[in-house]
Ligand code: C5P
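Listed next as structure tokens is one chain, alone, in the form predicted on its own.
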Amino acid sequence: MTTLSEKAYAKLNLSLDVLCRREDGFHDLKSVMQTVSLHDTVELTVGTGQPWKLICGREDIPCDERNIAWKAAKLYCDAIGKDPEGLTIRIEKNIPSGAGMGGGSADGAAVLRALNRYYGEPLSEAELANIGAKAGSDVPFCVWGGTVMCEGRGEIMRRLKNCPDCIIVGCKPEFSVSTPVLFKKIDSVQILKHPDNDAMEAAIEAGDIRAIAREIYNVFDPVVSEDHPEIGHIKEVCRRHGAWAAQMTGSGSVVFAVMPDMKSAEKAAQELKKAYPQVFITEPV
């Protein structure tokens, strides 16, 4: 038996735009995605001689073939024609669930990287991303990590210059959002504002975190905020402590804020923890 460990980094959407509904029923998106230091830890034991098993201490996480990590492992083994002769996947969760931070996708990407390392790296990063796309829309980005312009369903990617260092506070309110329901809702409303992805890319290229903060925008944010005033409350707390930007990530419900320094971030986090148990401080990786 061999045991491997891999970090599964969370993602944030620095920008997120919904462009159109496709013939296959999905939507074309355009988003600048960023991995951050908040991560799950994924441990794989290969060659157990036992039926596949997935272990996770969170009751809201499926521990069978419905889990993206399990799907990714099966897809990888099928792709290279290998039988691991028993596999156990252990996931130590730190990324909130139902948060818009790609926790399940990050775990799936970590499994792909770990298995590829175990088998001597027969597949390139691009090939791993292609396999990952079959497991989940955000898995290709999570395979790449860093700062990436993502289009289509997330499978069309272009690496950008690394986001400059900054301090980010994240907070998950008690509710989560159904992604299919949210897409249905956004189809029924007029999107009054879209992110300027060109301006975001220029700010990243310049390494100007204040300019990046000015361009942070997610078209889902006002749609979710309409039904959940907690989003606005979290933003207001962060702004009182000097946040340069505060916005929901993905389809929600985590709100993240770019803070001017660690002291401000700690004060914002301390206040948020009085009302919300899932609060964290992180940074780009």
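So that there is no doubt, residue numbering starts at 1 and follows the sequence shown. Just so you know, these numbers come straight off a predicted model, no measurement behind them.
From this point on, the text means the form predicted in complex with the ligand, which you will not see here.
For the options N94, T179, S124, N162, the residue carrying a heavy atom within 4.5 angstroms of the ligand in the model of the complex is T179.
Distance criterion of 4.5 Å from any heavy atom to the ligand in the model of the complex singles out S137 from the list N116, N197, T147, S137. Screening 79 to 87, 204 to 212, 180 to 188, 106 to 114 for residues having heavy atoms within 4.5 Å of the ligand in the model of the complex returns a single hit, 180 to 188. By the criterion of a heavy atom within 4.5 Å, K74 is excluded from the residues contacting the ligand in the model of the complex.
Under a 4.5 angstroms non-hydrogen atom cutoff, the ligand in the model of the complex lacks V219 among its neighbouring residues. In the model of the complex, the ligand lies within 4.5 Å of some heavy atom of L29.
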